[in-house]
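Okay, here we've got a single chain as structure tokens, the form predicted on its own, with questions on binding and movement later.
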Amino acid sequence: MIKKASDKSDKVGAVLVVGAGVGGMQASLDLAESGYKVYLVEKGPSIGGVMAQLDKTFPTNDCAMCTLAPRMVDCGGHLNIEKLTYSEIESIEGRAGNFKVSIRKKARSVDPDKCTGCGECVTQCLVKNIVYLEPPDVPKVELEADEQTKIDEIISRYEGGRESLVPILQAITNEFNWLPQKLLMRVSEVKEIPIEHILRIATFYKAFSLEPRGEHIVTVCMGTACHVKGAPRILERFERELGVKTGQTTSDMKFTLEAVRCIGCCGLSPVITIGEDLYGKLTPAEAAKILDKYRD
């Protein structure tokens, strides 16, 4: 049997009002006074909306709170109005006169039925107050004797806390050519800097590497000027000569091949660097011969 829209059984004697601002509250009060059951849905934690933030209202210049407060009190205590604060509508199904609405009510830290307005929840709020937790036990870093001596000597050169971190990482890179994890843990232990912060700095700068690198860093500039003058062919030639791809290190830990966007020597393009040595205006064949100087 298909029910018609005019059938009384097809109607529901309740009304849903979305938004508990001054307009939503007044509409709820009017409907509730007419005998309807009203569900007042508000996504915020309390009714009232943004009108309480105003000083005066146009055009009468009446006090905004004086206009709002009576409605909040009446709406809050009306038996025909069920307030669903901190809630959002997820779906609406049905037709005029008979809707089915799904409402998601967010979790609260305070039970509104038991709230007395004492304000203790504000002073004890875990969001505003930092909870002290005992730091986890960090295992002591075990290093070889020579590594221990070198890293402690590097750390002792630089006084201070976090402000000394970049120079320390630069010194470790100069000594070991990369940043071994155990050495970073030692820096964290001595300087009392969280390892997460050290890793954030180490991965930000191109000059630092968390992977082992070769004795000689071969860098090919791939900037616009060098690219036009044949830098891609030089990079391909190096990959064949060294037997590695860009970003990799040879098995004998002699060479690491890298590409950068610009070295700043566009007048000498195409440009490569090997360590601190710079070579410009090269052909692929000339670049390959330069590697022989560093193989011995």
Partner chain sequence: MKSYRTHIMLCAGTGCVSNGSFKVKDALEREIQKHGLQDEVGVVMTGCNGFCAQGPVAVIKPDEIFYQFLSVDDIPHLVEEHFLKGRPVEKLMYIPPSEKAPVPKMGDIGFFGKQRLIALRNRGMIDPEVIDEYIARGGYSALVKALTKMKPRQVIEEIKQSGLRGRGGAGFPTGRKWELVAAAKGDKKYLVCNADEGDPGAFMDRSIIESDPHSILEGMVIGARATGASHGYVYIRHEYPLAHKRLIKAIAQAREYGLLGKDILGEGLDFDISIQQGAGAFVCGEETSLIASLQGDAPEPRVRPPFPAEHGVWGAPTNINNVETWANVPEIINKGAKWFAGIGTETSKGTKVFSVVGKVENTGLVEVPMGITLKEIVFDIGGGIPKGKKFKAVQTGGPSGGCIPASLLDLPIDYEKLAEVGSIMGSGGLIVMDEDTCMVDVARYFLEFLKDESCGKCTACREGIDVMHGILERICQGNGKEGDIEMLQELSEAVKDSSLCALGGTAPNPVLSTIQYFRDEYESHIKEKKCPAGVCKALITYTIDPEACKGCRLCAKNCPQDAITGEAKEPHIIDQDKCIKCGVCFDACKFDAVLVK
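In this text the structure is predicted, and so the values were computed from the model without any measurement. Positions refer to the first chain, counted from 1.
The form predicted together with its partner chain exists for this protein as well; it is not shown, and the discussion that follows is about that form.
In terms of contact with its partner chain in the model of the complex, the residue from Asp152, Glu163, Glu211, Glu93 that brings a heavy atom within 4.5 Å is Glu163.
Taking a 4.5 Å heavy atom cutoff to its partner chain in the model of the complex, the contact residue among Lys182, Arg200, Lys128, Lys140 is Arg200. Shown here without its partner, the chain carries Val228, Arg261 and Leu268, all of which come within 4.5 Å of its partner chain in the model of the complex through at least one heavy atom. Remark: Met222 counts among the residues lining its partner chain in the model of the complex, judged by a heavy atom distance of 4.5 Å or less. With a 4.5 Å cutoff on heavy atoms, Phe99 does not count as touching its partner chain in the model of the complex; it lies far away. Within this chain, Lys105 is remote from the site of its partner chain in the model of the complex, having no heavy atom within 4.5 Å. The shortest heavy atom separation between Ser188 and its partner chain in the model of the complex exceeds 4.5 Å. Of the stretches 245-253, 62-70, 231-239, 38-46, only 231-239 has residues with a heavy atom within 4.5 Å of its partner chain in the model of the complex.
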